[in-house]
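Listed next as structure tokens is one chain, alone, in the form predicted alone.
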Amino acid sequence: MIDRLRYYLPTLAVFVGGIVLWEGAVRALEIQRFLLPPPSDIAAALVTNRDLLMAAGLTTLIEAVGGFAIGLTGGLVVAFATSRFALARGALMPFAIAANAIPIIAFAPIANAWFGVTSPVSKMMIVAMLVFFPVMINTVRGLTSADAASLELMRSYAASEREVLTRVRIPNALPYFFTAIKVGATLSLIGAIVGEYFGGATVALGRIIVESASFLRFAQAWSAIIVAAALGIGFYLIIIGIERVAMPWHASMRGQT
């Protein structure tokens, strides 16, 4: 416990120091609070609007998790289908990498037009697009980069393709897969909020941020941003916990480099 506290103490010190510095700078430099509210005003807005922020956070979280599940499922299905055939993999991967480079802000209005501005499905599809490509690309890389000696050993024992997949390829792909979904966990909240910028449910974090900023209620906007950040961090930590359970044998889980 003491060792863990020592490990996190520098991070906590930087966080607390940053908050104190922020508060002091706003007051000492007399920065207009509608431009940069101090942390005390943001904390007050969090308390005052807690019911609204909880409801909005739940709406955005449902969109993010739903889109994450769709993108994760689609990415895994395509990755397993294409990793088996080199021709399909070579034909599809360049398009996947190119599509992954499309800014999500360009896709958001199209998704809203396809699935309806007020429908949560449109936000889920925006999130799914963000999650799909990292999962697909990283999983394919993990499945196809298995150690050649291990593959030869399995074939020398007349192992079936299914056994090679479950005993060699999938364990090798797990680190790549979890790297992708850790990225996807944080991107999912970003995608949901970006989708909400272009319209959607009134009680959603993206709408609160846009409307609060439009009316110069920046303390309320920052409080919504903090809720979004907290949800993203929580989602990320859940993935970390699943990773520790799924692959305790990996060097990173044992603190090795």
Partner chain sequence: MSGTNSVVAIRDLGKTFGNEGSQTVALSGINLTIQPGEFVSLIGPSGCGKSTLLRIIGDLTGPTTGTVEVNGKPAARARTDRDYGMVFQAPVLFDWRTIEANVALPLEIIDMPRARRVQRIAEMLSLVELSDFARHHPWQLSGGMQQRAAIARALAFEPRLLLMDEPFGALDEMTRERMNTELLRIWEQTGTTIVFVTHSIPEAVFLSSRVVVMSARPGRITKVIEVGLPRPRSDETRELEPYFELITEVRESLKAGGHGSDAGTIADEPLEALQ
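Residue numbers count along the first chain shown, from 1. Being a predicted model, the structure only gives us computed values, none of them experimental.
One more form of this protein should be noted, the form predicted in complex with the partner chain, which is absent from this view; the next part is about it.
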Practice item. Would you please decide whether Met129 lies within 4.5 angstroms of the partner chain in the predicted complex, comparing each non-hydrogen atom pair? Key: no
Review point. Might Val78 be said to contact the partner chain in the predicted complex, defining contact as any heavy atom within 4.5 Å?
Key: no
Review point. Is there a heavy atom of Asn172 lying 4.5 Å or less from a heavy atom of the partner chain in the predicted complex?
Key: yes
Check your understanding: Can Tyr157 be called a contact residue for the partner chain in the predicted complex at 4.5 Å between heavy atoms?
Key -> yes
Review point. Taking the partner chain in the predicted complex as the reference, which of Ala106, Ile97, Ala113, Ala149 has a non-hydrogen atom within 4.5 Å?
Key: Ala149
Review point. Exactly one of Val168, Leu72, Ala185, Val140 has a non-hydrogen atom within 4.5 Å of the partner chain in the predicted complex; which residue is it?
Key: Val168
Exercise for review: Could you tell me if all three of Leu153, Glu163 and Trp249 have a heavy atom no more than 4.5 Å from the partner chain in the predicted complex?
Suggested key: yes
